[in-house]
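A lone chain, given as structure tokens: the form predicted alone.
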């Protein structure tokens, strides 16, 4: 069970609709160790509600390790140890007895490579709401599936073949289906780990348009190696390097007037 998670969340809701000071998630002195190797060093980062936060930095800098901390996916990594706090609406998700299944309903994830379940298009969207008991009957589930597929711009393309396998769709359609699957459980945060890296430019543009629409309802954290994409889609950016956050803040400031030379060099393509 989630020990007092919902109760503690309610205590914060009278402060702001989206959590304390309009912050959906907050990390405090977050460090990660893989056996004796330290991958993250005292990361402090606020993730604003209903905004897109981009995580940028060279390969191996700690972006994916950090993202996996936000829904405790690092729990599955042998030898991984996490210290510090990660707060979701004020509640520390690393407290004892936290139900990680419920946590991952609240903090959904879309991976780099589209990975629809080996089920029908309909069942890919319906699976989460059913296992989390978010719906009461078939009519309600049908309506949720239709609404969710419309939200990701897939309904008109698949309405007449909902029983077809999700894997029968194109790469871009599969990724939108995976996003639909992630948001069908009505999460508070959606994590996207390089969601466009396996897609062509047309599909990438469609996903970027979708991200702009989704941030009206969801808090989004995205990892991207494309500086142009980070600048296009995000409101806030955090630059990681060798397990540290070098600089974080408003995206336009980070890209146009960074405070640190290392940030300027990375954005300018001098290393990476």
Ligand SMILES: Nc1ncnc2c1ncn2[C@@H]1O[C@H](COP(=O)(O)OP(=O)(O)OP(=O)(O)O)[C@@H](O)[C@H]1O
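Computed from a predicted structure; not experimentally measured. Positions refer to the first chain, counted from 1.
Absent from the display: the form predicted in complex with the ligand. The rest refers to it.
This chain is displayed alone, yet in the model of the complex one of 39, 246, 210, 48 has a heavy atom within 4.5 Å of the ligand; that residue is 39. Taken together, the three residues 58, 61 and 225 all come within 4.5 Å of the ligand in the model of the complex, as judged by their closest heavy atom. The ligand in the model of the complex comes within 4.5 Å of no heavy atom belonging to residue 234. Residue contact with the ligand in the model of the complex: residue 194 places a heavy atom within 4.5 Å of it. By the criterion of a heavy atom within 4.5 Å, residue 65 is counted among the residues contacting the ligand in the model of the complex. Residue contact check for residue 77: one or more of its heavy atoms lie within 4.5 Å of the ligand in the model of the complex.
The stretch among 212-220, 226-234, 199-207, 31-39 whose residues place heavy atoms within 4.5 Å of the ligand in the model of the complex is 31-39.
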